[in-house]
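As structure tokens, one chain now follows by itself in the form predicted alone.
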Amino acid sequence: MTTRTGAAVAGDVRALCFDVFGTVVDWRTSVARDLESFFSDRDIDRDWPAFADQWRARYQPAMEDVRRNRRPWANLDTLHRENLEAVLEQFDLTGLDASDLDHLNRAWHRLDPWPDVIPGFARLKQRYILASLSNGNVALIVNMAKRADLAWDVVLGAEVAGAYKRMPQAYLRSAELLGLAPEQCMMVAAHNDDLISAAGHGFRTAFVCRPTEHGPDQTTDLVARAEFDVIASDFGELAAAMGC
């Protein structure tokens, strides 16, 4: 992938705001691994990557109910838990108690970063504020960071802003809390729609491709669909483009 230079914008950008699920961490492999470990102790086998896919497939519809005021605010841990129970039924997995469900739901707190993330963060942190701008709730992102050594300067996003992406407030409130104008913030994501939304609210944008986020047969977000400020294949290329 060709890296578009960020030199023209790097001097203006003060903070890099990262999407987390898929961009920073490999949720599919991590959740499938966690499920396999838990259920292997019970001599139960299923297609765990498929389970992870089905769990994730309920993510956007659940948030959309909140976005459209069809239900009161609920954080992502709550939405994940509701979705987990539905997918367990779909995969004919029964007999789990509350502590089992809590443990499984916290699989999203135990996600592994992509291999380029830790060294990329180390370079980027020398020059920029590193902020999560995720739909994940604060406890989820903090626990994930503690386990995986993700060096955030600040945890922002849906729970802090009171709005799920792609709602304007998710981006604008995050910039406001940093004391920055939107154009001083760069959204970093592996998802075109997230970046297009951020750009529409004044953010600079960096597309980092994650071609296996959804597994080996992924068909979405393989290329940038807009003129983003930076297009890179990993966080190393992003750091180079941003002068780090």
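Because the structure is predicted, anything quoted here is derived from the model rather than measured. Numbering starts at 1 and follows the sequence shown.
From this point on, the text means the form predicted in complex with a further copy of the same chain, which you will not see here.
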item	value
Candidate site 143, 146 and 177: all three near a further copy of the same chain in the predicted bound form by heavy atom within 4.5 Å	yes
Stretch in contact in the predicted bound form with a further copy of the same chain, which is absent here, among 163-171, 110-118, 126-134, 89-97 (heavy atoms within 4.5 Å)	126-134
Any non-hydrogen atom of residue 101 within 4.5 angstroms of a further copy of the same chain in the predicted bound form	no
Residue 153: touches a further copy of the same chain in the predicted bound form, heavy atom cutoff 4.5 angstroms	yes
Touches a further copy of the same chain in the predicted bound form: residue 139 (any heavy atom, 4.5 Å)	yes
Within 4.5 Å of a further copy of the same chain in the predicted bound form: residues from 184-209 (heavy atom criterion)	none
